[in-house]
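Given next, in structure tokens, is a single chain: the form predicted alone.
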């Protein structure tokens, strides 16, 4: 699927809604039943589109949340939810539809990440998506609302919505007093016009003290994350270490390459269909003329990196693609 440049994305996928400032934001607290009704009306108007684009991200050993921000299925989430670059995950749409997805780039220092849904919706439908508040005009005390799949995906319940206010605004972090719990991480934070202003990052030990990544952090690193770059050194994601990837085969020298003599059970090699007796001729475009050559290539790769083999089996040449596992 073609990835969107920042300029194209701004122009076509996330046009900013022009709206008057939410008038209740200027008040220290609601002053009348009319103010309460205004908050309620704004929330009810914004919720349907926001809920339609809020997804659950199934990691296999846990889950988090995310929000779709383009008709092509681009998702913003937290780096500690995606945990890495080039990982295969599953996205649960609000109606329960499960779609394959791949994590793109992340910023390990600020907890920002992107992923791309690679599965297709039925009948070629476009993905529902939300608008981003690129004006960066939120301020201390503004009313906001959060969405997320609290405690994991529940089709009957849907995403959980909560309301609160901005209690702290900084360059790479905003804090709200809304209530979040486990499973909300990576989910969206909206202003009362329904524009995305942040992504849930750290769920507070005390309910009502939660940190979010402002959208400016994403837009500042947009093109790099689209290129699947791992930015920063942590603490929200650990950079894979070279030479620690797991393939799961034993080999011996053979004419024209190296021959597979054993394939580990449930290894990345077995799952990709590699079999004993296969002749491995090239790896990522490099000729495999010895076992040492294979080892030297793997030494420069990490868990999650992609391998593209050219093999010969029963006299026929064919490609085999896989990702290295973790030791």
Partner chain sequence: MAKMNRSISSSAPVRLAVAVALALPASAQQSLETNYRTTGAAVTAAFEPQRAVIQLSSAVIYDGRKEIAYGIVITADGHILTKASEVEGVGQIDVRVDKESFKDAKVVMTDPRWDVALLKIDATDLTPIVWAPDSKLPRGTWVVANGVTSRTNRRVLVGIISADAREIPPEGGAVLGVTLKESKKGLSVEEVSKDSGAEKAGMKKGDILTAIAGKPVKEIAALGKIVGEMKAGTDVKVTLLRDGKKMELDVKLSARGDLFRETSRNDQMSGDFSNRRSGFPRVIQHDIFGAGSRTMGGPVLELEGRAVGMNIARANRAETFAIPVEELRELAEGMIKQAGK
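The shown structure was predicted, so the numbers you read here are calculated from the model rather than taken from an experiment. Residue numbers count along the first chain shown, from 1.
Below, we refer to the form predicted together with its partner chain, which is not included among the displayed structures.
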Residues 170, 182 and 203 all lining its partner chain in the predicted complex, heavy atom within 4.5 Å
yes
Is residue 237 close enough to touch its partner chain in the predicted complex, meaning at least one heavy atom pair within 4.5 Å?
yes
Using heavy atoms and a 4.5 Å limit, would one call residue 63 a contact residue for its partner chain in the predicted complex?
yes
Looking at the partner-bound form in the predicted complex, is residue 252 within 4.5 Å of its partner chain by any heavy atom?
no
Any of the heavy atoms of residue 37 lying within 4.5 Å of its partner chain in the predicted complex?
yes
Contacting member of 209, 219, 118, 228, with respect to its partner chain in the predicted complex [4.5 Å, heavy atom]:
209
Tell me, which of 152, 86, 256, 243 has a heavy atom within 4.5 angstroms of its partner chain in the predicted complex?
152
Location of its partner chain contact in the predicted complex, chosen stretch of 99 to 107, 138 to 146, 67 to 75, 120 to 128 [non-hydrogen atom, 4.5 Å]:
138 to 146
Using a 4.5 Å heavy atom cutoff, which residues in 117 to 133 contact its partner chain in the predicted complex? It's fine if the answer is none.
none
